[in-house]
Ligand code: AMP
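Below, in structure tokens: the form predicted on its own, a single chain.
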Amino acid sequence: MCGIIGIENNNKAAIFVSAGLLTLQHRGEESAGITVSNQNTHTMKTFTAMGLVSRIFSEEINCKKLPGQSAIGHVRYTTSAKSSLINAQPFQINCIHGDLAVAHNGNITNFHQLKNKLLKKGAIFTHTSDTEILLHLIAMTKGNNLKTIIAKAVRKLIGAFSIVILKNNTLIGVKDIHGFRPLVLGKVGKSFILSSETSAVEVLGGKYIRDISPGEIIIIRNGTIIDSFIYGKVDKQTSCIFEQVYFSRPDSIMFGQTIKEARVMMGIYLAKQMKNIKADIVMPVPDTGYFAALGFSRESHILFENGFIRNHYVGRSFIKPSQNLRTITAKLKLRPIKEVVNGKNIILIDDSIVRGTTAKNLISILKKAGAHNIHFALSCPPILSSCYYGIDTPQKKYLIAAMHSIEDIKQYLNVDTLNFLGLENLINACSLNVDNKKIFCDACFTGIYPTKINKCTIS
């Protein structure tokens, strides 16, 4: 899972992109990068580094070192490829078609097959990320028409990909035929924006126009949409439902509703499922459990309380590259307010449970602070299968719900009850304004994958 953004026809392109990346920081905290195209000098420059956007980019760096009128940016969270500077995006190349840069969110599941074919043709790889595949495919595709070249290249890809491409002053957006990962179109002044989320468009003072459709390529130049077309057959849209559960910002819009509204509805459905459970307070695990807990409180009429204080200078524990870092981050991030939890019967709401170690630590912290009974509720179903489309739900043997019964997990966590939101209720919560509810990928809950999976995938 990563965050991508691009803007064209703007003399402060790098500044706008860096601000957009700050808005998308929750989608990746390991590295960040910006590529800028300068029409005046006919040059393209890329700057990448490890760490948070605020530590990497400043107005001085953007203005003095990255001048230009069009730019793309990327924040990265690793799934299986190496977490290192060599994989920090955007990737930039010079090929027969000129200078190109690419930023990608997703996971190309036929990466290894494509890579082996390209190696036999003499291709040289300098990254371990699947994103590099697209650059090779574009470079090896013959033709003078950019539209045709990119369409031919992406038709060879299988899996999840939302992509922004920069070539001179041209900004291009691509989404896979299933629409796994979000990509939206917006506009600020005379400049078009492509972004992973609507919130980044709005923070820049822009207006959200529409989602990029599954299988769509959009080409933008000099404040004009030059072309927009569907490059491949779209059999069925299967957008990742975990975007609404965990990854996306609450103020972003997806399927005609804010993420906040979807999460509130998750909490309402949870309360209906748990109507026979009594407690003194409903309490969220910050931050993604907040709105589900609020919805639960509204439906159940049980008092909503913030029982944890979050250290906002610590990042998201789920997207850390190792379990040791996730555990340390979780301990630093949340501390209980004893006067809120001491002696209380608590309904504790979080977004999901993957490995179980973070949840166990939080339960232990609450018990030590004096919590009496804890009813643990998750705003999604049990995660039973690995994700091969860009989310770090690891090998099945590391997924606690795949290897243990709900009763065993309850005992492991030391909670009084363990409750998961039903899949049908989750789908309904995430698609209030959608007639066709069959638009989601729920493979992590069901094990039914929308595409053929090669188990040796990489991101």
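Quick note: we count residues from 1 along the sequence shown, nothing fancier. Since the structure is predicted, the reported quantities are computational estimates derived from the model, not experimental observations.
Heads up, the form predicted in complex with ligand AMP isn't pictured, but that's what we're talking about next.
S.K.: 269, 272 and 304 - do all three of these have some heavy atom no more than 4.5 Å from ligand AMP in the predicted complex?
M.R.: Per the other structure, none of 269, 272 and 304 touch ligand AMP.
S.K.: Heavy atom to heavy atom, is residue 87 within 4.5 Å of ligand AMP in the predicted complex?
M.R.: Close contact is absent here: in the predicted complex, residue 87 is far from ligand AMP, nothing within 4.5 Å, heavy atoms only.
S.K.: Though only this chain appears here, would residue 342 touch ligand AMP in the predicted complex if you measure heavy atom gaps against 4.5 Å?
M.R.: Taking the distances in the predicted complex, the answer for residue 342 is no, it never comes within 4.5 Å of ligand AMP.
S.K.: Should residue 261 be classed as touching ligand AMP in the predicted complex when contacts are defined as heavy atoms within 4.5 Å?
M.R.: It does not: once ligand AMP is placed as it appears in the predicted complex, residue 261 has no heavy atom within 4.5 Å of it.
S.K.: Using a 4.5 angstroms cut-off on non-hydrogen atoms, would residue 246 count as touching ligand AMP in the predicted complex?
M.R.: Looking in the predicted complex, residue contacts with ligand AMP include residue 246, since a heavy atom lies within 4.5 Å.
S.K.: Among 238-246, 261-269, 169-177, 117-125, mark the stretch whose residues have heavy atoms within 4.5 Å of ligand AMP in the predicted complex.
M.R.: Answer to the contact question: 238-246.
S.K.: Which one, 134, 217, 100, 353, lies within 4.5 Å of ligand AMP in the predicted complex by heavy atoms?
M.R.: Of 134, 217, 100, 353, the residue with a heavy atom within 4.5 Å of ligand AMP in the predicted complex is 353.
S.K.: Out of 162, 358, 107, 297, which one falls within 4.5 Å of ligand AMP in the predicted complex, going by heavy atoms?
M.R.: Answer to the contact question: 358.
S.K.: Hey, which residues along 277-296 are within 4.5 angstroms of ligand AMP in the predicted complex, non-hydrogen atoms only?
M.R.: Sequence-ordered list has one entry, 288.
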